[in-house]
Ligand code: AKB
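We begin with a single chain expressed as C-alpha cells, specifically the form predicted alone.
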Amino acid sequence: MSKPVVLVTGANGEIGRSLLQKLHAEGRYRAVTVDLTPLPERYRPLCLETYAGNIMDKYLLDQIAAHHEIEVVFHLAALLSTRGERDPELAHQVNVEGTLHLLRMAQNQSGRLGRAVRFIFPSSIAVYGLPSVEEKAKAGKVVEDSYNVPITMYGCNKLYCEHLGRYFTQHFRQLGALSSAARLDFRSLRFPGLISADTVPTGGTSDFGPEMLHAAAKGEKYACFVREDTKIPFMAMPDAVHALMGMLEADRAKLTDSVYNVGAFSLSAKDIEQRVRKHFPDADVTYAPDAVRNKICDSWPEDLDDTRARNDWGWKPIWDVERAFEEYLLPSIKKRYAKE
C-alpha cells in the first residue's frame, strides 16, 4: 500500500516548513502542499506535489482533492493577529471562509473514502480575552472553557473555526439524508506564542520575545512594544510540530473534546531580556509599549492549563524554558548571524 497523503496549507510559514521536515524525516506520510507563494526549491523534494494558490479558490481545492486521496489536512494557512486588526474583513475571509472551504473539501473526501479525514487545526491563545491585568494574574493557568471572549478579529476567527470543526465532526447535516455519512475528524490545538530559531519574526503580536532575541544577536537596538511585566505563554517551534504530530496520532476514542490547550513555559518581556543579556551583555533593549498591542497581549492568559491534553493523548513538551533557550534558540540564532 502507498503511504497516506497529507495536505499542508500555509506550508511556506514557519510552522509549515518545520512540519514538512518532520513528516519527511518520519517517512510515514506523503505531503502535498498549498501556499500563496511557491515553495522554495530546497523544500520541494520533501513533497509529493506542491501547489501555489489561494485557499479561497474552491476549484483549486477540488482539483487537489481529485488528484490525491487526502487522508489528513494540516490547515496552517491564516492571516495573523496584527495584520488582522489592520484589515479585519480580509482576516475573516481568509481565516473563516478559507477554513470553511477546507472543511467542505475534507468532508467530501471523508465521504469518498468512507472514513474520517483527520483535520488538524492550529488555534491560538488569541481565543481568550482576560478583562484586566489584575484578573489575568489572578486567573493563572487558564482552561479551555474559560474567558472565551477574544478582543481581536484573529481570535474571533479562530474561536469560531473551532466551533465549525466541532460541528463538522459531530453534527454535520444532522437533519438531512446524509446525516449518517462519514464525517471528518477535527482536532485543534491552542498554541501559545511560538519562537523559532530558523525564521525571522514577522511582526506578530507575540513576537516581542523572538524580536528581542534576533535584534540582540545582530547587535541592533530593540524597543520592546510591550511593558516589561507583560507575560504570556511561549513554546519553541520544535514542540509545536511535536504537538501537531501527537494530535495527529491520538486515539480518537480517548479524546474527550476536539480542542486542546498545549503549554510549555511562560515568560514576561523582562524575563526574556534577562536571558538575552546572559548571552549578549551589551544588548540595547528599551521599552516603548504600543497601547493597542500591549492591550491585546494583556488579554491573553499568563499561562495555559493543558491538563486535558496530557490526560487524553499524553501531551508533554520536550523543550522547557532552559532547554529552549540554551540548546535551541540562542545557539542557532548566534550561528545564523555569525555568518552574515
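Numbers for residues come from their place in the sequence shown, where the first is 1. Just so you know, these numbers come straight off a predicted model, no measurement behind them.
The protein also exists as the form predicted in complex with the ligand; that form is not presented, and the subsequent description refers to it.
Annotated contacts: S81, Y154 and W300 all touch the ligand in the predicted complex [non-hydrogen atom within 4.5 angstroms]. Taking a 4.5 Å heavy atom cutoff to the ligand in the predicted complex, the contact residue among P238, G129, P88, G204 is G204. I125 is the sole member of A264, I125, A106, A216 with a non-hydrogen atom within 4.5 Å of the ligand in the predicted complex. Residues within 4.5 angstroms of the ligand in the predicted complex, judged by any non-hydrogen atom, belong to 73 to 81 and to none of the other stretches in 241 to 249, 160 to 168, 90 to 98, 73 to 81. Contacts between stretch 20 to 43 and the ligand, counted in the predicted complex as any heavy atom lying within 4.5 Å, involve no residue at all.
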